[in-house]
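Same chain, two versions here, written out as structure tokens and called structure 1 and structure 2.
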Structure 1
């Protein structure tokens, strides 16, 4: 039944386009070679310094950003950010970041997936895109995606060396991992909506705040 619908549909496509019933070697080769080569299309030509552009664009998207020298400095930066905004001391973090000295900065941080009532989520990033000021995360055992989604505040640790120019460059890095994870999330600032009277409002369903900690080392 299911197979029949599929075959009828594909046959109808070929028939409408005036093609023979079976795909011809030339067509198959055209598709195969395009997929194998996956060539880049023309993109923006403007020259920019990736880090400078990333900082600029991230701020334009209503993210906030600070720079920290080393990974060990992250808990202190997180504690300071939360204290300044009266956001408490509790958070959940990616299992990847579990080993940091959170208690040393007075924080109560659990490494796990986020639940609906968690208020602060701390993640890393697979990479970041300078052109648009975007964070890129991949799902996996140590990098669950709910932490950048359910809490009201999302804090993301990004290594400066992982800031690439474009989405194409991000895809190139994903290809190097050997395949697609369940989800690749491109995150560009706090969740927002403009559905009512086209007035932009932050914190629609996801975070109200996205704070980027850019790691020099």
Structure 2
């Protein structure tokens, strides 16, 4: 749901409750106080290096992973991955990645939301969780969720500095944004289901390939 539509929906709910359409300062402060007073949920107790654990967990979840030094190296990494798997040279990406030199690596990449016939979606990531090997994305006008949901192959660029230890740390980062995204998506490897005869099938409800490009700089 787009932010404007969500705001209108919430405003109508508030009106039915006999409240002003917009939250009042006292209400906002009450929510902030509640969040500040709420204890953190338990996190991992064992000691581990965040990046090492993230790599291990991501691979366990059937994601694949490559590390590159700079953002400029991302097109070459994408081209290499697609060529090795014979996945063509076309893709769609988030606007924040549009300025990269995709043609220089022989790729035809458009910055737009994904459609049903797009096979490869390239996104960034808000952060990643070392504890579970999970990618976290916030959906919005410039970060459409279609790119990580519709194409058969989802490739995500994650900065090493955005790998946090636990899910609680990821939520803390979300709160620091000061706003409410359309949605928070947690991506733990390719889509999978075992609904039919308890046989695990990849790609039933989303991509059956998730490739993480871990960016050092």
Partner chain sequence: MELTSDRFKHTARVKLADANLQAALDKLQTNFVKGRADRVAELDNFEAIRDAAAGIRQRALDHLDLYLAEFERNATAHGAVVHWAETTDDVNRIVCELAAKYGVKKAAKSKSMVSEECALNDALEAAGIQVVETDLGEYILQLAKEPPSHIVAPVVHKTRGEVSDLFQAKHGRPRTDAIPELTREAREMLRPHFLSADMGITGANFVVAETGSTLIVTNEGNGRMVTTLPRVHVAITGIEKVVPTLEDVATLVRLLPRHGTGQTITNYVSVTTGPRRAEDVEGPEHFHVILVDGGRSALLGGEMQEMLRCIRCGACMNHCPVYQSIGGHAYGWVYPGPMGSVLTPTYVGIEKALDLPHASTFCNQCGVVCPVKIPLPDLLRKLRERQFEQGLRPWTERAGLALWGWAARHPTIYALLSRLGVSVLKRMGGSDERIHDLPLGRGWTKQRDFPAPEGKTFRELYAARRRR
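Numbering follows the first chain given and starts at 1. Rigid core (definition): largest C-alpha set, two forms, superposition within 1.5 Å. What you see is a predicted model; the values in this text were computed from it and never measured.
Between structures 1 and 2, only structure 1 derives from the form predicted together with the partner chain.
Once the cores line up, the CA of residue 204 ends up less than 2 angstroms apart between the two structures.
Remark: with the core as the superposition reference, the CA shift of residue 194 between the two structures stays below 2 Å.
After superposing on the rigid core, the C-alpha of residue 24 is displaced by 20.9 Å between the two structures. In the core-superposed comparison between the two structures, the CA atom of residue 43 travels 2.8 Å.
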